Structures are given as structure tokens and as C-alpha cells.
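Single chain ahead, by itself, as C-alpha cells, in the form predicted on its own.
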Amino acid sequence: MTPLLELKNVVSGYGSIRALKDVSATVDPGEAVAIIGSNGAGKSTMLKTVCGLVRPFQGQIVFNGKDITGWEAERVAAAGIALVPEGRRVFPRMTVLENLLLGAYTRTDRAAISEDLDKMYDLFPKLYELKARMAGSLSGGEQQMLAFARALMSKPRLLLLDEPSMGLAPIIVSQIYNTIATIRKAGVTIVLVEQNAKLALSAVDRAYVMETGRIVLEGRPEEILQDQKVMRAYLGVS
């Protein structure tokens, strides 16, 4: 199978700081892959580099057979990659509906956009109730639902999720991960970044473990969970 996403020896970061160091990874179509590791391991930088928010210093990023290395974020989004950022990052002074429509800004098919809006309300019924509310007035869980739905409105082939459980109550986290499972069934390929390793591993096909900007391990969830030495050394859990 040809990977949907491939990183080849990617080095990236901020100024003189190399947050990613020679990272190579693949994600196949329809697959869910977790990127796990301790805080500061480079997980979020990896997602930002893929979606064009951070420029790589060297290496290559290939998406859907095209070299997208160094593309601007808007061009990457139009190609079919959507990011649900850490901390939600909804537009607080815009309504829920306006945030959702902004997610479809690269699209011109108005009838299909309206149809997908209805799908988002089916997936997240609470958003229909709140569609006229300012996004900044929503709870953390409601904002996370909105961030998911806004990203899906772009009809991505690849959805990047950056710490979707951060700061949320356990019952909301459960709802979010049920949504991830639903999105997977719809055929969207997912890359999931989480500090909560066990939670992430429960929702994916494969995982990469990162430490200080490098990938130190790759495998299926059950393989990683069974390796207690790895779990203690790299993920801080027993």
C-alpha cells in the first residue's frame, strides 16, 4: 500500500532549535496512528510541520503522492490535511455556525457545504443547539467538539489531532474518543498526538514513540503496552 503521508528524514523547529531530528514515519490510507511521548518530545512540532505551520529545515514530506515540503498552511489545507490544534483555538468572537463555515473556506460547493453542516450537527447535536452562540462562551468540551467539526468541514483526507483530551473532564474525553472512532469508520485517516499514552493506544492501529525530537520506537499498541521498560523509560507510566 502506498502511504497517504510520508515523512523522510525531516528536521524542523524554531529558530536555532531543532525540535524534530531526522524523523521518518508513514501513515497508510484509512489508518489511525498515534504519536506519543513525554512533554517536549516533539509531537506537536511534527503535526505543525506536516500542516505547514512550521517549515522543515531539511527532509521531505509527501502527501497523497505529492511532495508538499515547505508548502504554506493554506495550500496544505486545500490539499486535504486538517488540524485540530492543541487548546482548541476556536474563534471566540464568532458564532458556532461562523466557525463551522470558516472550516469550509477552501471549498466552493455550497450545496455540499450545507449538507456537511447537517452532518456535523448529527455528529455533534449540541452544536446545533449552540449554533448562534459565540464560540468563546462555550465550555471546554463544547469548544473541542466545535474544533473537530470545523476541521471536518474542510472534508480532509487526513485529520491531525493535537492533544484532544487536554484539560477535559473524563466523561467529555470519553465522548471525544467515541467521536474519533466514528470519524475513523467514515474513512478519514487520523494522526493523534497525546501525552496520555494508554488512552491514545486504545484508539489506533499503530504508534510512534518520540523522545527529544526523535522516533525511538514504532509498533502496534499491544506491542508497546507489553514492553514495560519502554513504557517506564519513554512514557513515564508503569
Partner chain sequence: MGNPGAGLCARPPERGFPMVFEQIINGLILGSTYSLIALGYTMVYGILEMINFAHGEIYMFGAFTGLWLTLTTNLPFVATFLLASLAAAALGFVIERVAYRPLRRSSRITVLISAIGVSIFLQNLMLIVAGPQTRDFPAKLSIVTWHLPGGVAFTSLQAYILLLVVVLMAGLQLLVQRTKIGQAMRAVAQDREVARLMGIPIDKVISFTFVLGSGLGAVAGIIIGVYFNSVDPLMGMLPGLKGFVAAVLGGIGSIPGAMLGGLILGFAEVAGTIYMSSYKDAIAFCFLVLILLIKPSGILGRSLQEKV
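Computed from a prediction, not measured in an experiment: that's the story for all the values here. Numbering follows the first chain given and starts at 1.
The discussion below concerns the form predicted in complex with the partner chain, not included here.
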| property | result |
| --- | --- |
| Site test, 192, 209 and 214 vs the partner chain in the predicted bound form, non-hydrogen atom cutoff 4.5 Å | no |
| Partner-contacting position among 89, 126, 133, 119 - heavy atom within 4.5 Å of the partner chain in the predicted bound form | 89 |
| Stretch in contact, per heavy atom within 4.5 angstroms of the partner chain in the predicted bound form, of 179 to 187, 66 to 74, 24 to 32, 194 to 202 | 66 to 74 |
| Residue 52 within 4.5 Å of the partner chain in the predicted bound form, heavy atoms | yes |
| Close approach of residue 164 to the partner chain in the predicted bound form, 4.5 Å, heavy atom | no |
| Close approach of residue 112 to the partner chain in the predicted bound form, 4.5 Å, heavy atom | no |
| Partner proximity in the predicted bound form: residue 145 to the partner chain, non-hydrogen atom cutoff 4.5 Å | no |
| Heavy atom contacts to the partner chain in the predicted bound form at 4.5 Å, residues of 93 to 110 in sequence order | 93, 94, 98, 102, 103, 105, 106, 107 |
